[in-house]
Ligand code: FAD
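Heads up, the chain below is alone and in the form predicted alone; it's given as structure tokens.
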Amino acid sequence: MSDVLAITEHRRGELRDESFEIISAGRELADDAGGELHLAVISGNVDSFADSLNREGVDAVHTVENGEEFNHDVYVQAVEALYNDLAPTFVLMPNSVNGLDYAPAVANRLDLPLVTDVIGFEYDETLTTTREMYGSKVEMTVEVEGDQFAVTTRGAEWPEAEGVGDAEISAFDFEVDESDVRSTVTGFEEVGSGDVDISEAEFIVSIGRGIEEEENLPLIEDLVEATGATLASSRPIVDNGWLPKNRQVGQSGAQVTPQVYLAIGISGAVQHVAGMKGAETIIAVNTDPNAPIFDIADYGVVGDLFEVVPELIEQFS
């Protein structure tokens, strides 16, 4: 069989969405290859995490106890030890800040080909991955040579796994080589995080260049208050200093998957779309009927936001 080993991720005591998305990605790949899906949860409250990760499609969860937070050297050693013990055909890791920290080192140690930022794959004796290039303007497929592979999966490209599984949960007997641990986490410093995590929002009102000037923000804030939504924006609004960095959606901002994403005055540049295309329902308001945002919107309003938004406020008030 061609098994899949997927590495989950947690931060500051909580499992991240990527952990449940990678279950779906891993199950898809395991089905193609006719193998089992093994998850690994390294450090932190591993027993509690393992229970939460026991979703439909998971065959086994391996827990590795070592400290509370992410450590590059520990993760590299742990993944290497799991790989040597389980001999999987595929090692999946999140294409996150942490994942991209240790994935190259893992691939180097295990002499595996590494494909990063994957948004899809197929396996039929050969692994073919799908990636985006040129600011997500082009999709390309990459056929990977080899018998075993390392892959990082982009967040928000697969749905979060649901249901309750019957995976075998077991502690992985692993002893860290302390002489090979050359870094430690001494603390965290929030940088521009503000008081809102837009990646957790269920209803987002997002604004772009169409609001024209900062003085028009109160109109949008009134809509946000009336609807109970969370305010976000495209990059130009942040670059202008009208909203803080933690409100930015897109490739260089946050990836969001709300139930509703209301894009107001946003043209739909590929960099922005990459961060919100996973929304369940997308509604766009733009004066340009040819704006790219309408290509992915479920509902669209071609009109002046300064006329549309007051009408929406009245409807919700």
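Between two forms, the rigid core is the largest collection of C-alphas that superpose within 1.5 Å. A residue's number is simply how far along the shown sequence it sits, counting from 1. Predicted model only: the values in this text are computed from it and were never measured.
What follows is about the form predicted in complex with flavin-adenine dinucleotide, which we do not show.
Please identify, from 209-217, 108-116, 121-129, 158-166, the stretch that has a heavy atom within 4.5 Å of flavin-adenine dinucleotide in the model of the complex.
Result of the contact check: 209-217.
Q) Using a 4.5 Å cut on heavy atoms, which of V46, V58, V256, A269 is close to flavin-adenine dinucleotide in the model of the complex? A) It is A269.
Inset, instruction - Identify which of V64, I282, A291, L29 has a heavy atom within 4.5 Å of flavin-adenine dinucleotide in the model of the complex; exactly one of them does. - result: Contact residue from the list: A291.
Fill in: Candidate spot S234, V249 and S252, all three touching flavin-adenine dinucleotide in the model of the complex (heavy atom, 4.5 Å)
Yes, the whole candidate spot contacts flavin-adenine dinucleotide.
Query raised in the report: Quick one: does L305 come within 4.5 Å of flavin-adenine dinucleotide in the model of the complex, counting heavy atoms only?
Result: Yes, L305 lies within 4.5 Å of flavin-adenine dinucleotide in the model of the complex.
Q: Consider T287 of the chain shown here, and say whether it contacts flavin-adenine dinucleotide in the model of the complex, taking contact as heavy atoms within 4.5 Å.
A: Taking the distances in the model of the complex, the answer for T287 is yes, it comes within 4.5 Å of flavin-adenine dinucleotide.
Exercise for review: Indicate whether A279 shows a C-alpha shift of 2 Å or more between the shown form and the other one, with the rigid core used for the fit.
Suggested key: No, its C-alpha moves less than 2 Å.
Checklist entry - When you overlay the rigid core, is the Cα of F20 off by 2 Å or more between the shown form and the other one? => result Stays below the 2 Å threshold, so no.
Next item on the list: Establish whether a shift of 2 Å or more occurs at the C-alpha of D288 between the shown form and the other one, with the two forms superposed on the rigid core.
Entry: Yes, the C-alpha position differs by at least 2 Å between the shown form and the other one.
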